[in-house]
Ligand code: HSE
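Okay, here we've got a single chain as structure tokens, the form predicted alone, with questions on binding and movement later.
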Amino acid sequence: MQIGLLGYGTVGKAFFALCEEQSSLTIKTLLTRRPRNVDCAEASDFADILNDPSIDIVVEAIGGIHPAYEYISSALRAKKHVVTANKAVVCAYYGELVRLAAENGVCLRCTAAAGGGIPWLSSLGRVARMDRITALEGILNGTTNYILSEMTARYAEYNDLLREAQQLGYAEADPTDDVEGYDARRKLVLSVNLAFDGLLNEQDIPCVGISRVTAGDVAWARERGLVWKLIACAERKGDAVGAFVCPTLFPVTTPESQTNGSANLVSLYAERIGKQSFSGAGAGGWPTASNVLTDCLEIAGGAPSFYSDRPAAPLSVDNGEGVKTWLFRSYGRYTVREETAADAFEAYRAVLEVDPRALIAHLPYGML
């Protein structure tokens, strides 16, 4: 099959190299703003790819929402399969893009949009076809996991390690999406949409990042045998979903606490098969490109899109049931409270008004 590749950044470049080793896939045209001197045609106008009937798959690797949305939707209308690693655009336009793919009889695949090199979304699709998934949870952001892992290992401060993560290429110049949890929340939305066959609104999910975690918080946890991680989780609640993204404290013996660096660890729970966990590189050009390539090979082999071709029904967020254990830190004092997630996040918003550096964490094991 012939491919039109959009973008030649970290992921696009790695995908190009991987694709050269495949006999069933050929990159015919690369959309690029400047000459790359690669072994294929180069174009500066997307119309050259869109109007080429020999191009079967459009691989979007430019990132962002615009013009990625316009390129993807146009390609689907032109009856071209689309593969993307772009969580932002798929999350923002999920319902519309899934509908366009179904209406035009083509595939929309985005395995690399959540989990980096882990086959997370494709595994969710496989399990959802044969069992009822009841919950999802895990570490879905490599940047925050690197920072928290290094804070734990070195007792360093957050700001120092953020700068280090930026120098290493783990964090963007503007790290807000990562460190405030928005990236993990988008990946959670994609996961829930697929696992629960619905349409979740990103803005409805409470989200707390790691920017307020200090070396003092890490030391306090270590004294109690606990480790900080940023966790995204969701659980079926009838026709609604309980969901949030929040710093979470795990005992040092758990798999989560031992997942370090930029690695991800994410789990699903299903009624018959129980718990399945997936771990591996959560970011980086080669791991992400490998999932992009896998999606292309799946399409070439005749596999369908792993998203449902039925219109997605809206899902509401309901965090008002199920008491959980929460840790609050304000003005240096730590307190533990037992309440629902809805009450905990409401209380946290009130605490932030008097102490902008306040912190909340989930204690899934009910410790302390």
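Throughout, rigid core stands for the largest set of C-alpha atoms superposing within 1.5 Å between the two forms. Nothing here was measured: the structure is a model prediction, and the numbers come from that model. One-based numbering along the sequence shown.
The same protein also exists as the form predicted together with the named molecule; that form is not shown, yet it is the one meant from here on.
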*Please pick, from Lys187, Lys80, Arg109, Lys229, the one residue with any non-hydrogen atom lying within 4.5 angstroms of the named molecule in the predicted complex.*
Lys187
*Let me know the one among Asp160, Asp239, Asp197, Glu172 whose heavy atoms come within 4.5 Å of the named molecule in the predicted complex, would you?*
Glu172
_The chain here is shown without the named molecule. Which stretch in 247 to 255, 280 to 288, 197 to 205, 72 to 80 comes within 4.5 angstroms of it in the predicted complex, by heavy atom distance?_
280 to 288
*Look up in the predicted complex whether Thr143 has a non-hydrogen atom within 4.5 angstroms of the named molecule, and give yes or no.*
yes
*With the partner left out of view, is Arg99 within 4.5 angstroms of the named molecule in the predicted complex by any non-hydrogen atom?*
no
_So in the predicted complex, is the named molecule close enough to Arg212 to count as touching (4.5 Å, heavy atoms)?_
no
*Wondering, does Asp183 line up within 4.5 Å of the named molecule in the predicted complex on heavy atoms?*
yes
*After fitting the rigid core, is the C-alpha of Ala263 off by 2 Å or more between the shown form and the other one?*
no
*Would you say whether Leu293 is displaced between the shown form and the other one, judging by a C-alpha shift of 2 Å or more on the superposed rigid core?*
no
*Core-aligned, is the CA shift for Ala135 between the shown form and the other one 2 angstroms or more?*
no
